[in-house]
Structures are given as structure tokens and as C-alpha cells.
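Take a look at this single chain, the form predicted alone, given in C-alpha cells.
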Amino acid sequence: MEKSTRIGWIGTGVMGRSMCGHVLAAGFPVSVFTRTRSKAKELLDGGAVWKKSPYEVAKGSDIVFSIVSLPSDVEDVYLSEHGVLAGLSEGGTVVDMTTSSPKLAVKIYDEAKKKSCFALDAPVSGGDVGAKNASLAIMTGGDRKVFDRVLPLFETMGKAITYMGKAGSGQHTKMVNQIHIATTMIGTIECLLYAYRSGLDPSEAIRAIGSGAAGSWSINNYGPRIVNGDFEPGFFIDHFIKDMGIALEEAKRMSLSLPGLSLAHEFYIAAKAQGLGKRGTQALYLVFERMNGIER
């Protein structure tokens, strides 16, 4: 891909800031919009150009990336009269990396096609650490030839980059990811509570099981944060509740019963009710502590 390819970026939160930074560091010209300009300061200081709206970003870009919060934000960014598709020139490409609705991904794909433009849905997994280290898993839906064209940009952000099929397939794959993580996180929390109550050193317990059959990304990455009392967001509880809600909606549409996911969803709703929505997903541990009368 030519380094003269103009990149637009919308959304510079916990993950988007680092992801965009990798693209900028690779030498591509980048224009940026985010609702809170101060969150883009590091990128602007590094050479990115500020734009006042998604429409303005699209007008000056060949490929526009986004990673925002909610499906409603995605819809506004792409499909409003001042959105990306209104400003994008014929032949342009959009890549939504938000975890969003599969059916919305298909809608954006169809609307882009009407303008002779291209669209990929490419949600990511790996949290803030993966974003900072450019080691994200990227799951992509859309046309294969468009994926191949954008691949060099994906490679600046991630390591496990997979083409999953037609539009919406990236979002469906992310739902698979979130379903697995939801119940794995409960296992992570419960095993650490057991270690604590039985008198074990929880850090040593993580080391003992982390490389065996019980090893998982959650126990090896979030386990130490929990032990150290670090509940800052690599991924917000609020956003995880949104993701599980999408997965449950899609499962219902497919007449699929997922009781484990439903249970995890209820636990995370309880966490939000206790004021933990803006904490990291590992902060569910605090809910289980309280249920068991453990004082931190």
C-alpha cells in the first residue's frame, strides 16, 4: 500500500488512540475526529490533522477507520447526513472496528455499495494491552479483495488477523469471542476467590495454573490485575454489557439458548448497578467479593 494513502480515524478512546498511533507511526497521513478533542492530543502532536466531523474526515480520506462505543454511535458516524458515507468519495473504503451489531454492519456495507464504496466490519480483541502492543486479534467481514487491500494497515495494529467471510461475519466472530470471555471471566474470578479464602497466595496460584489446562488470556492477563487491586479499564464493563446484549439478541434470533452467557450478563448488570460500569471487566471480582463478605 502506498504511504500516500490518506487515512481517516474516528474514535480515540482506550483502544482507538493506540491503534491510530500505530498507523500514524507507519508513515501514513492521518486525519482524526473524536467527540472530545483532548483525547486526540497525543495523535495531533504526532502529526495527525484534526477534522471537525466524520463527514470532514471522510472528505479528505481514502480509507476511514472507526472504533466508537455503541451501535447507535456507529450508525450516527456512518449513516447520518453529516456522516462518513455522506462525505466519502467513490471508491473509498470504510472499516468499522467497533464491536457492534452484525445487521448494522450489513446495512453499512449495502449503503457503501450504493455509493460505489467499500465496507469492512473488523472488530478487535486484546484490550488496552493488545492495542498498545499492536498485538490485537482482528476479525473481518466484507469482500476478500477489500480485506487484502487493507491488510497492511491491519498489520500495524494486530497479529492475529483473520478474514471471516461476508459482511457481518467479523461482528459475528466477535460475538463468539465475547461469549467465551464472559464465562471465562467468571471462572477467573471464582478461582481467585477460592485461592484467597483457602489461604493460598493468589499470585502463586496464577503461576501454577496459568500454563496448564486452566490457562487462559483472562487468568494470565486480568488475574494479576485483580490480585493487585487494579480495576482500571482495559475494556469497560458498560461496553461488555452492550456486547453481551448483542450476542443474546443474535442468539434469540437464531433460536439458540445460551444460559451461561445469560448468567454472566446478569452478573455484569449487577456490577453496573453497583456503580462499576466505568471500571474494567475484571472489576466483576468486586461484586463476588461483596457476595462472599470479603473486605478489600
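Keep in mind that this is a model prediction, so the values were computed, not measured. Numbers follow the displayed sequence, beginning with 1.
Keep in mind that the form predicted in complex with a further copy of the same chain is not shown, yet the notes after this line are about it.
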>> Residue-level contact is defined here as any heavy atom of the residue lying within 4.5 Å of a further copy of the same chain in the predicted complex; does residue 257 satisfy this criterion?
In response: yes
> With the cut-off set at 4.5 Å between non-hydrogen atoms, does residue 212 touch a further copy of the same chain in the predicted complex?
Replying inline: yes
> Hey, in the predicted complex, is residue 110 touching a further copy of the same chain, heavy atoms inside 4.5 Å?
Replying inline: no
> residue 267: heavy atom within 4.5 Å of a further copy of the same chain in the predicted complex?
Replying inline: yes
>> Quick check on this chain: which one of 63, 247, 30, 271 has a heavy atom within 4.5 Å of a further copy of the same chain in the predicted complex?
In response: 247
> From the list 72, 80, 183, 133, which entry has a heavy atom within 4.5 Å of a further copy of the same chain in the predicted complex?
Replying inline: 183
> At 4.5 angstroms, heavy atoms only, are 89, 124 and 129 all close to a further copy of the same chain in the predicted complex?
Replying inline: no
> For the chain seen here without its partner, which of 22-30, 259-267, 46-54, 63-71 has a heavy atom within 4.5 Å of a further copy of the same chain in the predicted complex?
Replying inline: 259-267
>> With the partner left out here, which residues of 32-62 have a non-hydrogen atom within 4.5 Å of a further copy of the same chain in the predicted complex?
In response: none
